[in-house]
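Next comes just one chain, in structure tokens: the form predicted alone.
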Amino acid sequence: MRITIARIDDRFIHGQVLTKWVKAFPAERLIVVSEEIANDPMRKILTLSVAPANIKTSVVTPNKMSKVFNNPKYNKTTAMLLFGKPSEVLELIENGIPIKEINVGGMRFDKDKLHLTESVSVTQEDIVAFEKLHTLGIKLELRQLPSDTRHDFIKILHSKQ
């Protein structure tokens, strides 16, 4: 499997993904990698229902994604991976999935989160995962749309701590 982009956005499949990101990073398959969504039948159905008809879409746990990634059946498949949180990206990388760069697009605000930008707020668990990703040499960029200027996510994180 070839990953066209790995993106963290807790809205998963939405207008910006469908109109901008899919065009900038074409893929045959959208894969939502989320323990929470994969294990909630109603949320899984809702997530799959907003996917475009012309792109195969799956919702899987990080564990399942780690198992199927190297399946020869998917050798020539291109995929856009969509995550809700950095810990699930970290799990894939620790299981040998070759993700070198992560786009951070949106992580909604909550009262218990550190507000980094207009569109990104993080928990302490998120911070730990992002720091570990950075230590592993994974490039972390903040960008809402493909046409936006890339910003170094870890610099933004460090400036707010």
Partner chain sequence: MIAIIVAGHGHIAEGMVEAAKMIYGGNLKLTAITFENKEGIEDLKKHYYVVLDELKPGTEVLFLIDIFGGSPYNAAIQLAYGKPNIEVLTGVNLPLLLEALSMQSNPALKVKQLAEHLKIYSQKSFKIFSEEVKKTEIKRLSQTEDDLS
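Positions refer to the first chain, counted from 1. Think of the rigid core as the biggest set of C-alphas that the two forms share within 1.5 Å after superposition. In this text the structure is predicted, and so the values were computed from the model without any measurement.
The next section is about a form of this same protein that is not shown, the form predicted together with its partner chain.
With a cut-off of 4.5 Å between heavy atoms, is V120 one of the residues that contacts its partner chain in the predicted complex?
Outside the cut-off, so no.
N95, heavy atom within 4.5 angstroms of its partner chain in the predicted complex
No, N95 stays farther than 4.5 Å from its partner chain in the predicted complex.
Taking heavy atoms and a 4.5 Å cut-off, does A24 contact its partner chain in the predicted complex?
A24 lies outside the contact set for its partner chain.
So, in the predicted complex, is I45 in contact with its partner chain at a 4.5 angstroms heavy atom limit?
Yes.
Quick one: which of 47 to 55, 109 to 117, 96 to 104, 124 to 132 gets within 4.5 Å of its partner chain in the predicted complex, going by heavy atoms?
Contact-bearing stretch, as computed: 47 to 55.
Complete contact of I5, K76 and S87 with its partner chain in the predicted complex (any heavy atom, 4.5 Å)
Verified in the predicted complex; spot residues all out of contact, no.
Which residues from 120 to 152 come close to its partner chain in the predicted complex, meaning a heavy atom within 4.5 Å?
The one in contact is L145.
Is the C-alpha displacement of L18 equal to or greater than 2 Å between this form and the one not shown once the rigid core has been superposed?
Moves: yes, 2 Å or greater.
So the CA-CA distance for Q16 and L140 moves by at least 3 angstroms in the predicted complex. Closer or farther than here?
Distance between the C-alphas of Q16 and L140: longer in the predicted complex, by 3 Å or more.
I want to verify one pair: N71 and V17. Are their C-alpha atoms nearer or more distant in the predicted complex compared with the form I supplied, knowing the change is 3 Å or more?
Residues separate in the predicted complex, at least 3 Å farther apart.
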